[in-house]
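Just the one chain here, laid out as structure tokens, in the form predicted on its own.
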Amino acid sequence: MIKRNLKKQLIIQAAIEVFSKNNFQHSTISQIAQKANVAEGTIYQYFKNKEDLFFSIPVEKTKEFCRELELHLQGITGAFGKIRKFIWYYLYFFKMNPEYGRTLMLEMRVNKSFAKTKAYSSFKDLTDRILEIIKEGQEEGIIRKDVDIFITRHLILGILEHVLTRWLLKGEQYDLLERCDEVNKLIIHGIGLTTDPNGLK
């Protein structure tokens, strides 16, 4: 089972690199198999077709993101601290995975079929975690209780996705983490949160 999972991850990573370079339309299973150093038939043992493989990428990467996020959140107390860490980790994750970022933001998210795929629903764990942090802040009394938690979640993700997309469209010419403090201030103050006790004035 471990060997099978490792091979699946190898195929996923090869697919990310191929799709990022050639886009979905011009990529082939043959190219992905060559990149992963496996037979074409091996890919069909894991995925039905090219589209299934394409939309399986965010499913696997979101699991990775959430798993690593929880490690980074360990030991952090308070909603503001967790929001700041989430913002930092989001930017760090895509800084380290620009090929995935290009595939996700510049091709998948604008695909009209995306909302109907398992990839779209795979983001639920991530978005639910943000809601938990916002609720925690309301219970702490540092986030106003009249703030709609769902709109707040959309704002947090929307700002981060905009910053990421702009970075990708600019050809990744600067360090994405340079935007971390700026984004923190914008989110924490821009959505009506109270003063950050950790020094974000």
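Each form is matched to the other, and the largest set of C-alpha atoms that superpose within 1.5 Å is called the rigid core. All values derive from a computational prediction rather than experimental measurement. Numbering starts at 1 and follows the sequence shown.
One more form of this protein, predicted together with the DNA, exists but is not displayed; see below.
With the partner omitted here, the stretch from 64 to 72, 138 to 146, 49 to 57, 168 to 176 that lies within 4.5 Å of the DNA by heavy atoms in the model of the complex is 49 to 57. In the model of the complex, the DNA sits beyond 4.5 Å of every heavy atom of E161. In the model of the complex, none of the heavy atoms of L155 sits within 4.5 Å of a heavy atom of the DNA. The DNA in the model of the complex is not approached by E132, whose heavy atoms all lie more than 4.5 angstroms from it. In the model of the complex, the DNA lies farther than 4.5 Å from every heavy atom of I151.
For the partner-free chain shown, K7, S27, T28, I29, S30 of 6 to 31 come within 4.5 angstroms of the DNA in the model of the complex, judged by any non-hydrogen atom. Taking the rigid core as fixed, one finds a CA shift for K48 of 2 Å or more between this form and the one not shown.
With the core held fixed, the Cα of A36 is displaced between this form and the one not shown by 2 Å or more. C180: CA moves less than 2 Å between this form and the one not shown after rigid-core fitting.
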